[in-house]
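The form predicted on its own is given below as one chain in structure tokens.
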Amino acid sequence: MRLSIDHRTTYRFTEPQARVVQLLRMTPRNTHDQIVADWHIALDCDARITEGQDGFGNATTILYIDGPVDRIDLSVTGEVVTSHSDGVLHGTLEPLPARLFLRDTPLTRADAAITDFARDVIGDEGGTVAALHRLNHAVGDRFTLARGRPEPGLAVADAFTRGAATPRDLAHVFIAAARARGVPARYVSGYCDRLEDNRPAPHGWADAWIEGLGWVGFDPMLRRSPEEHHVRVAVGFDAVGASPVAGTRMGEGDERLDVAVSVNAEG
């Protein structure tokens, strides 16, 4: 399947900024299950650009923008050819051992309620395919889908008490529950054509490590493993570590962020 992606981000500052530095994790890598046919990152202003790779193996682009700047328009467009894999990853760059992804973060630390939920759903089966698919369905069934932008800094324990959750929060619940049962799990940011066009954020799901099989993707929002409808871009311990954009700025005033993402299947 060929997926066409258009991801546009606009930053507006109430006061001109002297300098802006942005770290982008917005470029997918080639794997056995996805081939990047075309990919472009464009800015509406002059910038010094450095390409690289972070500790998780994600492709990175660092932008150094000198001011004064009161607005930045960033567009990412491209096409990725994907194939069916039953959610099992093949040919991904894996610089870190799987067990490292048992590590909690402030956003993904399971409380007693999530630990009990994981025990009830997974039982003693641990990281088996059947148990993790049950968890994937149970997380998706527990919440209604919140279609707005994810709430910054929302910890998984707080998200678990709510009736509605964003795809990011659903992935965090899956990750926290899996880790609570001793299963390495990580956050994945990327794109999917099974969501509404022009939504306010890229998509997010989870990977879990299954002994003898490797990393397997689980999308609680869709209650299935990601396949040819998904494009993987970045991984991390949580959504912050895999976020498409992170950065700093030098200047006073406030910042407003507008995001629109569309993903279309072309065959």
Partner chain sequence: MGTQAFDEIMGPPEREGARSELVDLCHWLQATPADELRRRQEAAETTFRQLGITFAVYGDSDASERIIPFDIVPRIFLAREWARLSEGLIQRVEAINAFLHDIYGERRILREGVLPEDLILGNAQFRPEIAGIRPPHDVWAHICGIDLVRTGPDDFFVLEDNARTPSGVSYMLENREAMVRLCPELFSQFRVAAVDSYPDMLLETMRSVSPRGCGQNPTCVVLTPGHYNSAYYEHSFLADSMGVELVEAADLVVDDDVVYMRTIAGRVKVDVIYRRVDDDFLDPLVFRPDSMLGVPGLIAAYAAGKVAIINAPGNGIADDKAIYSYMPEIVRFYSGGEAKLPNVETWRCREPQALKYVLDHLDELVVKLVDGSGGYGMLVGPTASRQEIETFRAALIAEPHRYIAQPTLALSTVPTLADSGLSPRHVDFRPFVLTGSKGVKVVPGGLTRVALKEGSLVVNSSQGGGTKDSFVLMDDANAMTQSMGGMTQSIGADGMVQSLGNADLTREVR
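Keep in mind that this is a model prediction, so the values were computed, not measured. Positions refer to the first chain, counted from 1.
The next section is about a form of this same protein that is not shown, the form predicted in complex with its partner chain.
The three residues 21, 25 and 55 all sit with a heavy atom within 4.5 Å of its partner chain in the model of the complex. This chain appears without its partner; in the model of the complex, the one residue of 213, 37, 42, 62 with a heavy atom within 4.5 Å of its partner chain is 62.
Taking 201, 222, 240, 69 one by one, only a single residue has any non-hydrogen atom within 4.5 Å of its partner chain in the model of the complex, and it is 240. Of the heavy atoms in residue 50, some are within 4.5 Å of its partner chain in the model of the complex. None of the heavy atoms of residue 145 is located within 4.5 Å of its partner chain in the model of the complex. Heavy atoms of residue 246 reach within 4.5 Å of its partner chain in the model of the complex, making it an interface residue. For residue 91, no non-hydrogen atom is located within 4.5 Å of its partner chain in the model of the complex, even though that partner is not displayed.
Judged by heavy atoms within 4.5 Å of its partner chain in the model of the complex, the contact stretch among the candidates 162-170, 83-91, 96-104, 132-140 is 96-104.
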